[in-house]
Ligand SMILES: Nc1ncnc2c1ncn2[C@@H]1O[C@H](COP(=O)(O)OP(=O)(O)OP(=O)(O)O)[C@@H](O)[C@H]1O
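One chain follows as C-alpha cells, the form predicted alone.
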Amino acid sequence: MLLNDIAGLRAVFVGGKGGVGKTSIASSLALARAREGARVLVVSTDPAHNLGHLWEAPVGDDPVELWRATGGAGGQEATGRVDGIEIDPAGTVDAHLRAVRGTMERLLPDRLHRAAREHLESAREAPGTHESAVLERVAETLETGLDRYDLVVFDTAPSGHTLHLLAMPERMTGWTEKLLANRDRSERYSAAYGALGGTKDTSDRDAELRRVLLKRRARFSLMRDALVDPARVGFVLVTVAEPMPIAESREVAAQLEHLGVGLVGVVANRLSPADALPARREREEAELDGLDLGAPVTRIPQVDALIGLPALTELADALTASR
C-alpha cells in the first residue's frame, strides 16, 4: 500500500515520534523502490543518526552507496540503487559559518574583518543558527537530489523538530526577499550618490551579495514550493500502536495540514504477531481503529534484530506485500 501511495513522488519525508522506527521505515522504503529500478537517496536529518548503523556502512555528509541492484533482465544493466547521507549538524554549522565568513570578508572593508569574525563566533551558539544551517543543507540536498535521483527519502528528527524545519522555508524565503529589496534600495542610493559626484565604488560587492541572496532565495523557494506540491512531495507518518504515539500522530497530521504538506501514508510499525500474542495484537488493532488521519495505514510486523541488509530486506518485503 505505501509503495502505491508514494508512486510518482520525487521526495518523501518520513517522520513521527522518537523511537517509532523512522530510520528503518525510511531505509526499507528506499530499498523497496530501488529494487523496482529507482535511484534513491536516503537522507538522515536526525542528530541521533542511526542510518549508518542500520545499514552497517560508514555514512557521512557526502553520498555513499548503500545498495545496488545486480544483474538485469534481457541483458540490460540494473539501475536500482540506494545512496545515503547523514547531515552532521555541528559540521553543517561550521561549514555554514565558514561560507558566511568568506562572503563577509569579500564584501566588507578590511578594517571590519576582525569584528565580523568575532560576530560570527558569537553567533555560533545563538538561537536559530543551527536551524538555519541545517535547513540550508536540507534545501541543498533536496535540490541536488531532485536533479540526480528518482526519489529522495528524508529520515527526519522527532516530530517537533521536523515540523519546525518544514515551516522554515516559507519564513526564510520571505526574509531573503526583504534583504533583496533592501539591496535594491541601497543600489539606487549608490547610483544617485555616484551621479552627484561620489567616488565610492561598491558595484563588485553589491553584485556578489546579490548573487548570494538570489541563490539562497532560489534554493528556499524550491523547497517551499516542493513541500506544498502533492505531485512531487509527500509526508509519511510512522507510529506504533500505543496511546502516546497515536495522540502525537494526530497532532502532527493537523500541523502538516496547516503547513500545506500532504500526508500520503501512515505506517503502523512493530505490530505484534497475531498468532503468538493475540491479546496484545487485539489491543493494538483497537488503537489503530480510531486512527483516521485521512491517509491509508500500512501495517508492518515486528522485525527482530533490526540491523543490516537482511532485516531491511524483510521490511522491504513487508512493504511490497502490503500492496
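None of the values given here were measured: they were computed from a predicted structure. In this text, residue numbers run from 1 along the sequence as written.
What comes next is about the form predicted together with the ligand, which does not appear here.
query: Is every one of Pro58, Asp83 and Leu142 in contact with the ligand in the model of the complex, taking contact as a heavy atom within 4.5 Å?
result: The answer is no: none of the three residues contacts the partner (heavy atom, 4.5 Å cut-off).
Check: in the model of the complex, which of the stretches 35-43, 277-285, 254-262, 294-302 has residues with heavy atoms within 4.5 Å of the ligand?
Finding: The contacting stretch here is 294-302.
query = Would Ser272 show up as a contact with the ligand in the model of the complex if we use heavy atoms at 4.5 Å?
reply = It does not: once the ligand is placed as it appears in the model of the complex, Ser272 has no heavy atom within 4.5 Å of it.
Report task. Tell me, yes or no, whether Pro89 is in contact with the ligand in the model of the complex, where a contact means a heavy atom of each within 4.5 Å. Result -> Flag for Pro89 set to no.
Notebook entry, point to check: Can any non-hydrogen atom of Val20 be found within 4.5 angstroms of the ligand in the model of the complex?
Noted result: Because a heavy atom of Val20 falls inside 4.5 Å of the ligand in the model of the complex, the answer is yes.
Review point. Looking at the partner-bound form in the model of the complex, is Leu315 within 4.5 Å of the ligand by any heavy atom?
Key: Output for Leu315 is yes: heavy atoms within 4.5 Å of the ligand.
TODO: Within 4.5 Å of the ligand in the model of the complex, which residues of 224-263 have a heavy atom? Give them in sequence order, or say none.
DONE: The stretch 224-263, when checked against the ligand in the model of the complex, contributes no residue at the 4.5 Å heavy-atom cut-off.
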